[in-house]
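Only one chain is shown below, in C-alpha cells, and it's the form predicted on its own.
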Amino acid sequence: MSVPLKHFKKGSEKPLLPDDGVLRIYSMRFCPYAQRAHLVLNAKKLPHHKIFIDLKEKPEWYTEYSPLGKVPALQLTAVDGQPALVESLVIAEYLDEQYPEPPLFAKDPLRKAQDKILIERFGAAGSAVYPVFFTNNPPEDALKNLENVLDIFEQEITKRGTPYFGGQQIGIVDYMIWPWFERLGALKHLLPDKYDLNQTRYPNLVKWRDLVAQDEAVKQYALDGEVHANFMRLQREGKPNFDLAFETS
C-alpha cells in the first residue's frame, strides 16, 4: 500500500491517508538506511503505507515525523498519539519485538549484542564506498578501504559456517548490510573495469550475496545495479532524481 509513487517536496501538501492503523514508512527510494526498514517490513509481511520524501527539498511537514529530517521514519498509527520512530536499527529492533515472527534478532543477549556491533562495523564500508558512488574523482584508495572492510565480513561468515549471518535462516545482520551489497552492483556500470567482488578473495561472501538476492523480502524492494548507477551519475551532477526508480520500474 502506498500513496502515489513520487517523492514529496518542499511546498507539497501532506498526503491524505486513511485512519486505518496501518504502519506508515517515510522513506527515500535510494536511501540504504531506509531500505533496511523496508526489508524488515517485507520480511514480516506487515502492511504499511509508503510515503517518499525528497531529501534535497524536504516538505515542511516532514519534521512532524522526523525532527532532523532524516529517513527512515516509521509512524505507529495504531498507538496512542501516533508516535514516529527514527533510525533504521531502532526501527528494526522495535518491529522484531512487536511482531516476533519470523524472528530476525538473535534471542541470546550476547549474540544479539555482537550482531549489532557487526552491523555498526559495516558502517565503515559505506563510508569507504560513498566517494566511489557519488564523486567524479574518488580517492585512489577508496576501493581498497572498502575491500579491507569486506575482508572482515568474509572472515566472519566463514567462521560462522552458515549460509547467512543469521544462521540457517536470514536474519538481522543480513538485512541490515544488504543495501550496500545491492549498490555494489552499480560499480559494473560506473567503473571502467566493471568492478565486481573477487570470488577468490570473497568466496563465502559472494555465495551469501547471491543467496540473499533471492530472498523474497529483498526482491520486493530491489533495484537493478544500472538504476542505482544512473541515480549516482545524476547525484554527481548535482541533479538528483529521486523519482528515477519509479520512472524505470
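The structure displayed is predicted, hence computed values, not measured ones. Residue numbers here begin at 1 and follow the sequence given.
We do not show the form predicted in complex with another copy of the chain, though everything after this point is about it.
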Within 4.5 Å, heavy atoms only: does residue 148 come near another copy of the chain in the predicted complex? no
Does another copy of the chain come within 4.5 Å of any heavy atom of residue 98 in the predicted complex? yes
Determine whether any heavy atom of residue 83 comes within 4.5 Å of a heavy atom of another copy of the chain in the predicted complex, and answer yes or no. yes
Please check if residue 94 has a heavy atom lying within 4.5 Å of any heavy atom of another copy of the chain in the predicted complex. yes
With the partner omitted here, the residue among 135, 127, 169, 114 that in the predicted complex has a heavy atom within 4.5 Å of another copy of the chain is 114
Counting only non-hydrogen atoms, choose the one of 180 to 188, 62 to 70, 196 to 204, 46 to 54 that falls within 4.5 Å of another copy of the chain in the predicted complex. 62 to 70
